[in-house]
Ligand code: ARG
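Below, in C-alpha cells: the form predicted on its own, a single chain.
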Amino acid sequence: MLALAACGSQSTSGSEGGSKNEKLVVGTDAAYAPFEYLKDGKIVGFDADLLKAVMKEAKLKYELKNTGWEPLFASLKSEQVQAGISAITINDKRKQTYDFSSPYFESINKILVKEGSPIKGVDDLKGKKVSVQNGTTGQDALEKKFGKGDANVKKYETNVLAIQALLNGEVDAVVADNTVVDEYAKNNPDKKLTVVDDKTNFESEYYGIAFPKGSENKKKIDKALKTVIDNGTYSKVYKKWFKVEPNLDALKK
C-alpha cells in the first residue's frame, strides 16, 4: 500500500517475510528525541533501533517513514501504513481504533518549568498556561484534571514547539513524557529548566507498536518483541539510549 510521503524518511530492510517482495511501511513522528528524531537526514533513536531488532527477529522487511504525529494515526486507520512506532501510549481510547503490540516501554508524564517556578505539581497548574503536544496523553491528563474546555492548555504540533513556547515565555509549563523532558533539561543546562515529578496525578503508561485493527502482523511482531526482550537485545538497546538498565518486570505484568 502507499505510504504518506514525508521529508526525512528512512528505509530499513530485514529478512524476507510474507510475499517475496513485501515490505511493511511503519510510520513515526521523528521529532521526539530520544525515541525518534532526524540526524543527517536519517531517523534514529530508541524506537528506530528497537524496531530494527524486532523486524530482524520477525524476518520482516520494512520501511520507516516520517509521517508526523497526527497523520500517523490517520494513516494507520486507512492502512496507508501497516504499523506505527512513535512512543505511542497504549490506552483504552486508542484500543477502540487500533491494535497494539505487547508493551515495550514504561513511561510517565512530567512537568517542565523554568528554574524558580512556583509550580511543584499538577495542582499548581490550575490557572497557568501549559503547553502540550496535541493528541498526547499529556493533553489527556490535563483535560481530565481541568476539563476539555480549559483555554490555558495550549496545543502544539510537536513537543519541540511546546518546549519552545516555554522558553519564549508564552506558557508557564510543559507536560510531556518523562524521557522527553528529562533529556531536554539534561542536554540544555543553559536553558535553566527544572523537571517536576507528580506520581500522585500522573500514572505509569506503556508504549506499544500500533497496527490497523485486525492486522495479521501483530502476532508475528509480538512474538519477535518477546524474544528480543528475553534474549537481552532489548536491554542493550535500552542502555545505549538511556544509560540505565530497563525494568523488564514492568513490561511483563
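The first residue of the shown sequence is 1; numbering continues from there. Everything numeric here is computed off the predicted structure, so don't read it as measured data.
The following text describes the form predicted in complex with arginine (ARG), which does not appear among the structures shown.
Between the options S75, S101, T137, S131, the residue in contact with arginine (ARG) in the predicted bound form by a heavy atom within 4.5 angstroms is T137. Note on the partner interface in the predicted bound form: the residue among D198, E57, D222, E205 having a heavy atom within 4.5 angstroms of arginine (ARG) is E205.
Although arginine (ARG) is omitted here, in the predicted bound form all of Y32, E36 and T89 have a heavy atom within 4.5 Å of it. Across the options 213-221, 189-197, 48-56, 24-32, residues that bring heavy atoms within 4.5 Å of arginine (ARG) in the predicted bound form belong to 24-32. Contact between K154 and arginine (ARG) in the predicted bound form is not found at the 4.5 Å heavy atom cutoff.
For the chain shown alone, W69 is a contact residue for arginine (ARG) in the predicted bound form, at least one non-hydrogen atom being within 4.5 angstroms.
Along 93-112, one residue reaches a heavy atom to within 4.5 Å of arginine (ARG) in the predicted bound form: R94.
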